[in-house]
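One chain comes next, on its own, written out as structure tokens in the form predicted on its own.
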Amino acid sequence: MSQSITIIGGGIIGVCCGLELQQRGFNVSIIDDKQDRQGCSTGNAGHFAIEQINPHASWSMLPRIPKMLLDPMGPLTIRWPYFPQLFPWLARFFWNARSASVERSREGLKALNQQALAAWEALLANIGAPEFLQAKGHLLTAESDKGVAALRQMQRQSERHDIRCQWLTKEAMLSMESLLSDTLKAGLWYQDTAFCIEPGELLLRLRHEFKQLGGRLERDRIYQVDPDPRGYRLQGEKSYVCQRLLIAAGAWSHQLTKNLGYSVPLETERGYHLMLPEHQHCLSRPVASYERSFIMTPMSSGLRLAGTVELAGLKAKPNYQRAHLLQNHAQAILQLPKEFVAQDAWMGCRPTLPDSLPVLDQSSKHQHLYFAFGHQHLGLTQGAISARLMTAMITGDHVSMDMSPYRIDRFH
């Protein structure tokens, strides 16, 4: 008889987990309220960022934060009315800038990212959709002498961690991407990264496959989870009872763990993007800027500009001026017409923990209770490998790597 499991969260993490569990014979139900494709699983930069193994909290990053915060249109901003609520998370964040913590987080991110693309390639091949992953690498550019020095340091660190990258002169960059500005000085080409041609369409394809295999997708917003004699009671517009439960609700996950005995210091990084629909063919691969902390990704619907962070919680209204700021950045490093129409400004909430690692764990307090959330900027990158690891955990199979860095109770 097939076993059943319910997943709260129908984004990239939840759906990938659902598909993997279906392959192991589970009857899977997913409950999610964002079936209009407005979450971070569709609004992300589309970059499979396997090179990003450094946690956000580090001594090298901390000196840059005050300058960012003083610039109202910089890559990082805090809505100051939210600061009192944010302060406990910030304190944990700065505590995790200690060298020992940074190294633990770096190794945890590296362990996931090393397996990320292979897991995606296997998943996409299994559903007959390999075209969603384009393995062309990406460019990281520098405009200033300081940026060039930073890229040199990043190159050395990447090589220490066996991440392939190639130094590019300005001329070499322009030969790869002819519409880049000649004001750029140098760049790095990360050959082994990849990008998604359309994250929203990828999510739809995954959900379609999930339903074709008999999965149930229920539209509802679960706001409370309680233990129940039969397993777990989920409360939304309707009430549900399940024996096995996986919480993969992104930036809302910590709200669902409270009644289960877990207090998780999860915060939301509100990210923005802007689309340039008429310029989808101006780049052949993603291009990022060191100084401007943003990335441009060519997609089937246009050129996506992404990369700004706002700390303001889950409820504040979007400030779409932050999205339109990205247009100025694009014009500075691309040879674009002075007048062009940008559209489809978007904002979404990335779930972030102070050490930049996700929670991938099973409960030590309750039977058949599992967690997969908190992937910050790397939800797309780590979606398939997270699903593979969680499925092994749920089925009792051998898990291929040390899962202790991703414990839900590591902050207690």
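All values reported here derive from a predicted model rather than from experimental measurement. Each residue number is its position in the shown sequence, starting from 1.
This protein has a second form, the form predicted in complex with a small molecule, left out of what is shown; the following refers to that one.
By the 4.5 Å heavy atom rule, the three marked residues Ala57, Arg292 and Pro354 all fail to count as contacting the small molecule in the model of the complex. In plain terms, the part of the chain that comes close to the small molecule in the model of the complex, with a heavy atom within 4.5 Å, is 6-14 out of 398-406, 6-14, 385-393, 20-28. The listed set His161, Arg98, Arg221, Arg152 contains one residue whose heavy atoms approach the small molecule in the model of the complex to within 4.5 Å, identified as Arg221.
Contact between Asp33 and the small molecule in the model of the complex is found at the 4.5 Å heavy atom cutoff. In the model of the complex, the small molecule sits within 4.5 Å of a heavy atom of Gly271. Taking non-hydrogen atoms only, Tyr240 never approaches the small molecule to within 4.5 angstroms in the model of the complex.
The closest non-hydrogen atom of Ala249 lies within 4.5 Å of the small molecule in the model of the complex.
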